[in-house]
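In the block that follows, a single chain appears as structure tokens, in the form predicted alone.
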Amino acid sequence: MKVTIVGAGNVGATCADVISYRGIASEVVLLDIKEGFAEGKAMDIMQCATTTGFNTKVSGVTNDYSKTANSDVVVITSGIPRKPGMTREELIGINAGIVKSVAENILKFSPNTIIVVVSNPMDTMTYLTLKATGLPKNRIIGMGGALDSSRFKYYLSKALNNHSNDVQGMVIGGHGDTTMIPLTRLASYNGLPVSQFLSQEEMDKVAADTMVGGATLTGLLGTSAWYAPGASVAYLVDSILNDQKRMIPCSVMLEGEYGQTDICMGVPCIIGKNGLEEIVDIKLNDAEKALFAKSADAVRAMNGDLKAVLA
């Protein structure tokens, strides 16, 4: 199985490292526009092989899409990272042209690939990729919910003072500080509702901390986070390549599901060898439905800025 990662920055390189270390794919290609950058990252990762015990072949190329031919999955991380004080919305003008060009070049050499979009603003870039390529909706997946949910479970575990792997929780909606919806009502701790262990005030704080989880890290690091995003991408790619059919919140095209049409947003999805295999219908309560509709309005407003790119 072959995976291409376009963009060898922090997120892309971390994704390649996790895929290699876990043996998710037999071959990983890192591509970047900066001369020698992807080659250097790939070489550094490959020099871990004997000490960490992986056999994945990792190579790097500078803007040579022919080396990405016959990729089963392509991950697009290209674009500038979010800087302190910058919203995801402000990235649209810069990143939209980059993502559109990358998708077109990728499909010249891997016409049957499944594309995972990571570039921000992720929901809008996923929508752009789907509209610009004309591919069926199952082959364009936005990675945001997996990352947001991992942050949600982290904050839940902190509040519970216990291990993250004992906690289940999901974030749906837009992948933005004000648009994501941590489903505290459905969160559980070893099969029991989290509400049995945390007060409403504590759960509200967990939700609030989750929603600004990316911005919190940006403020601390001076740039976007990369360990958790890279690992979340690898988790999604693993479910595709190994047909694991995990339920993962992903940004996909909605055609009536959750009361929305012609928009890509985070909803629980079954992810397998065909990419998106099923959208799972969670029975939201009235308050959650209202939050989802509000989130959709915000995402749709961002999508309006794509008119020039899609023209």
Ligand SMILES: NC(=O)c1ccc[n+]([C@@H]2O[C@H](COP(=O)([O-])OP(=O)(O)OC[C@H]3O[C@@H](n4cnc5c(N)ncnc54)[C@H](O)[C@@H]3O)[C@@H](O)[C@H]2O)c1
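In this text, residue numbers run from 1 along the sequence as written. Keep in mind the model is a prediction, meaning the values are calculated, not measured.
The same protein also exists as the form predicted together with the ligand; that form is not shown, yet it is the one meant from here on.
K.L.:
Given a 4.5 Å cut-off on heavy atoms, tell me which of 195-203, 70-78, 107-115, 164-172 is the interface stretch with the ligand in the predicted complex.
P.N.:
Going by heavy atoms within 4.5 Å, the stretch is 70-78.
K.L.:
With a cut-off of 4.5 Å between heavy atoms, is N303 one of the residues that contacts the ligand in the predicted complex?
P.N.:
Although the ligand is absent here, N303 would stay clear of it in the predicted complex, with no heavy atoms inside 4.5 Å.
K.L.:
Using a 4.5 Å heavy atom cut-off, state whether K34 contacts the ligand in the predicted complex.
P.N.:
Heavy-atom contact with the ligand at 4.5 Å: present for K34.
K.L.:
Is G213 close enough to the ligand in the predicted complex to count, meaning some heavy atom within 4.5 Å?
P.N.:
Close contact is absent here: in the predicted complex, G213 is far from the ligand, nothing within 4.5 Å, heavy atoms only.
K.L.:
Looking at the partner-bound form in the predicted complex, is A231 within 4.5 Å of the ligand by any heavy atom?
P.N.:
No, A231 sits far enough from the ligand in the predicted complex that none of its heavy atoms falls within 4.5 Å.
K.L.:
Pick from A187, A207, A159, V102: which has a non-hydrogen atom within 4.5 Å of the ligand in the predicted complex?
P.N.:
Contact with the ligand in the predicted complex is made by V102 alone.
K.L.:
Just give me the single entry in L91, L241, A132, L183 that has a non-hydrogen atom within 4.5 angstroms of the ligand in the predicted complex.
P.N.:
Selected option: L91.
K.L.:
Every residue in V6, G12 and I98 with a non-hydrogen atom within 4.5 Å of the ligand in the predicted complex?
P.N.:
Yes.
K.L.:
From first to last in sequence, which residues of 208-229 have any non-hydrogen atom within 4.5 angstroms of the ligand in the predicted complex?
P.N.:
Going through 208-229 in order - heavy atoms within 4.5 Å of the ligand in the predicted complex - the hits are S224, A225, P229.
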